[in-house]
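In the block that follows, a single chain appears as structure tokens, in the form predicted on its own.
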């Protein structure tokens, strides 16, 4: 994964819950396309919902992968539910709160809450839900060849884990 849609892990409860944040900045190129100014309106830069879904997938994927110390390749298999009530713009912070609902040899399911903080306000506002299903591809796609290294959990993810003080699960 080359693009990171989370900036920092702020809470980790092994095999239960992981919370990460994303600082939304006008320096991010994708905001300029959503939505540019035209003859009838001013620019309205917002964080695209699919990128917020990916942020939750990265958060929940780290939680799922950490259960087996990242020895298995975990991929997003299905978006069960994704709803957003409000938009997020530059200068705001997104919080992804993922909870592990079920995990077995085939995969896992997670439930997620997405919150927004609008500084200088200090209260988080629930803005959506994203529920996901992950697959352990080493088990579910038997017979196919995959690289030995875990190409899903790259050095970028390990850097985020180390920054959160989670070196023990980052060194799997």
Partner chain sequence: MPDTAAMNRDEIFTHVQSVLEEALGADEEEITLDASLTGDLEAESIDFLDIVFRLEKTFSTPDKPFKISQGELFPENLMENPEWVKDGQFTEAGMDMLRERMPHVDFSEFEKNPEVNKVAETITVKSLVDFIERKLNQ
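Just so it is clear, the model here is predicted, and its values are computed rather than measured. Positions refer to the first chain, counted from 1.
One more form of this protein, predicted together with the partner chain, exists but is not displayed; see below.
**Report entry** Residue stretch of 59 to 67, 26 to 34, 114 to 122, 127 to 135 approaching the partner chain in the predicted bound form, non-hydrogen atom distance within 4.5 Å
**Finding:** Stretch 127 to 135 is the one.
Query raised in the report: With the partner left out of view, is residue 105 within 4.5 angstroms of the partner chain in the predicted bound form by any non-hydrogen atom?
Result: Close contact exists here: in the predicted bound form, residue 105 approaches the partner chain to within 4.5 Å, heavy atoms only.
Report task. Considering only heavy atoms, tell me if residue 93 and the partner chain come within 4.5 Å of each other in the predicted bound form. Result -> Because no heavy atom of residue 93 falls inside 4.5 Å of the partner chain in the predicted bound form, the answer is no.
Report task. Give a yes or no for residue 86: in the predicted bound form, does one of its heavy atoms lie within 4.5 Å of a heavy atom belonging to the partner chain? Result -> Although the partner chain is absent here, residue 86 would stay clear of it in the predicted bound form, with no heavy atoms inside 4.5 Å.
Query raised in the report: in the predicted bound form, does residue 77 have a heavy atom within 4.5 Å of the partner chain?
Result: Yes.
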